[in-house]
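Quick heads-up: it's one chain on its own, the form predicted on its own, in structure tokens.
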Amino acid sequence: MDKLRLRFEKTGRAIYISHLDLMTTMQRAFARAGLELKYSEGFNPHPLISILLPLSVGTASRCELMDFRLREDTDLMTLPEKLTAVLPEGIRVTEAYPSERKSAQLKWLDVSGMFEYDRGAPETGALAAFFDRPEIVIEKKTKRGMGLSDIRPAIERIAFCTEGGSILVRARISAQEPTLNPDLLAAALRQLQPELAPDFAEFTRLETYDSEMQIYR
């Protein structure tokens, strides 16, 4: 079959499954569902399966995308139910369809997050003012080690509101070129304005977009 794409959720306890373990989990799910993946050719064949944007451990998602190829045709309408039935709790396949768009066209991510504070949450205006800076240069890990990087261009928009004693965060951030891990939003506060930094932060991916802000599938 031509290249196909899955859209799936990774929530609950499944957020602690690493990327490599998730790849193994998905391959086993195809086998248990009676769906045979295609393999590459050559001396070291491997299943033709890839996740477009690997997810950090501890981050949830409702919009994960995975490309794959099967040896035989199958009913894509029934495939999500077949796979979900043999996947661990917290991983749920929601769609299966032909892959018609290149992964390079995926540009933006909508994320939600929760900042929790042991000492009481700051004013949301102070958080908004921090991220409204023209530059937010932080130290972060790169392919060459630790280095300085301005993450402000990777934040298309960000907003905050109080929810109980916590702060709810909604943001649209760059998915690739550059990739912005939402955990760096909290890291920026810890490095540059620690009095605003949360004691705990968690994030969920909500939706994917192309460069024109159209939903990417």
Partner chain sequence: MPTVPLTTAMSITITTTRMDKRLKRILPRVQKPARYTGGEYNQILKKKDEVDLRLAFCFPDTYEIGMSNLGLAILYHTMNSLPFVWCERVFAPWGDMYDEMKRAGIPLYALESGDPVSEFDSIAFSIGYEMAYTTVLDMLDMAGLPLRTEDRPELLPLVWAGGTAGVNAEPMAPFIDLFVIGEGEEVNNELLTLLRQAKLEGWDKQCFLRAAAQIGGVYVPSLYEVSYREDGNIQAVTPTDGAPARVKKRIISNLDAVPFPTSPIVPSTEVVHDRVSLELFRGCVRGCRFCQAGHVYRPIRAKKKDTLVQQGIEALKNTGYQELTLLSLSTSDYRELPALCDGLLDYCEERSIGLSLPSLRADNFSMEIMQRLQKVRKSGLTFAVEGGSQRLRDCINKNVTEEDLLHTCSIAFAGGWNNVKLYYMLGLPTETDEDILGIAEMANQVLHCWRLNAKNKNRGVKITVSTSCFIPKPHSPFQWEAQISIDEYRRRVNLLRNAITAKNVTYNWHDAETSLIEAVLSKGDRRVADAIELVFRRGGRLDAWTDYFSFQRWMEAFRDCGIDPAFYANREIPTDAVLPWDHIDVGVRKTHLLRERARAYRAELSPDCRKQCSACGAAGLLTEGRCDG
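Residue numbers count along the first chain shown, from 1. Please read all numbers here as calculations on a predicted model, not as lab measurements.
There is another form of the same protein, the form predicted together with its partner chain; it is not shown, and what comes next is about it.
J.: I need to confirm a contact call. Of 149, 181, 191, 27, which residue comes within 4.5 Å of its partner chain in the model of the complex, counting heavy atoms only?
T.: The residue in contact is 27.
J.: Using a 4.5 Å heavy atom cut-off, which residue among 123, 89, 139, 100 comes into contact with its partner chain in the model of the complex?
T.: It is 89 that has a heavy atom within 4.5 Å of the partner.
J.: Check 21, 85 and 200: does every one of them have a heavy atom within 4.5 Å of its partner chain in the model of the complex?
T.: The answer is yes; 21, 85 and 200 each reach its partner chain.
J.: Would you point out which of 149-157, 48-56, 29-37, 173-181 contains residues with a non-hydrogen atom within 4.5 Å of its partner chain in the model of the complex?
T.: Correct option: 29-37.
J.: Though only this chain appears here, would residue 132 touch its partner chain in the model of the complex if you measure heavy atom gaps against 4.5 Å?
T.: Contact check for residue 132: no, nothing within 4.5 Å of its partner chain in the model of the complex.
J.: Might residue 75 be said to contact its partner chain in the model of the complex, defining contact as any heavy atom within 4.5 Å?
T.: No, residue 75 sits far enough from its partner chain in the model of the complex that none of its heavy atoms falls within 4.5 Å.
J.: At 4.5 Å between heavy atoms, is residue 95 in contact with its partner chain in the model of the complex?
T.: Residue 95 lies outside the contact set for its partner chain.
J.: Report yes if any heavy atom of residue 196 sits within 4.5 Å of a heavy atom of its partner chain in the model of the complex; otherwise report no.
T.: Residue-level check for residue 196: no, no contact with its partner chain.
J.: Which of the residues spanning 93-123 lie within 4.5 Å of its partner chain in the model of the complex, based on heavy atoms?
T.: Contacting residues: 116, 118.
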